[in-house]
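Presented as structure tokens, the chain that follows is alone, the form predicted on its own.
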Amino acid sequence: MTTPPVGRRERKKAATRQAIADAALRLFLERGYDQVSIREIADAADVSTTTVFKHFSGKEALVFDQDQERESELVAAVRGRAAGQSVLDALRQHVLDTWLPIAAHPQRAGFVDLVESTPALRAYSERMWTGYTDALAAAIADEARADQDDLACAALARFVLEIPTLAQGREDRRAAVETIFDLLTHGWEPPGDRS
């Protein structure tokens, strides 16, 4: 099955949305979240404030412009995995393919500082991650033929979503991600018992 080509109108909308998000992030990183207005973002992106709000639900959403895509990608990693591939192996590959490049991005440290130093962004981020947990847990439960409120599925989703945070400060992030997924796959062994 082929994907239909994206029309000119959709490409233009996507380009406008990206220009707004890029302008917002640049201004936020330069001056701080609370010191930048929607009007300034609109001016920097050469659009109206109405256009900003057509593309984003609010100021916080400008920082997390790929929120819906990330949630969809997580669910797709579970539901669209190859035949015979386990849910954990699909999620492992997804984290390695998507998070490692983000973690290595030159603006990553500035972005994390911006979110951590801004209460509104921290709160938005927490709500966003809760939504990811619910969507991922539901997808895992569906694949496992479990109840939607299955605690093991919810716990697994939460653990997977915490992997980037746990691996962030490690010298070898890939090895850290692999270690954590190995733990989820095979269970915990005390360090002294490992061969």
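Predicted model, so just to flag it, every value in this text is computed and none were measured. Quick note: we count residues from 1 along the sequence shown, nothing fancier.
One more form of this protein, predicted together with a further copy of the same chain, exists but is not displayed; see below.
In terms of contact with a further copy of the same chain in the predicted bound form, the residue from Glu30, Glu69, Asp46, Asp147 that brings a heavy atom within 4.5 Å is Asp147. For the options Phe64, Trp129, Phe159, Phe53, the residue carrying a heavy atom within 4.5 angstroms of a further copy of the same chain in the predicted bound form is Phe159. Within 4.5 Å of a further copy of the same chain in the predicted bound form, a heavy atom is found for none of Ala90, Pro101 and His105. The chain is drawn here without a further copy of the same chain; in the predicted bound form, the stretch among 69 to 77, 108 to 116, 121 to 129, 93 to 101 whose residues come within 4.5 Å of it by any heavy atom is 121 to 129. A residue is said to contact a partner when one of its heavy atoms sits within 4.5 Å of a partner heavy atom; Ala152 meets this definition for a further copy of the same chain in the predicted bound form. Taking the partner from elsewhere, Ala14 is found to have every heavy atom lying beyond 4.5 Å of a further copy of the same chain in the predicted bound form. When a further copy of the same chain is considered in the predicted bound form, His186 lines it closely, a heavy atom lying within 4.5 Å. Among heavy atoms of Thr165, some come within 4.5 Å of a further copy of the same chain in the predicted bound form.
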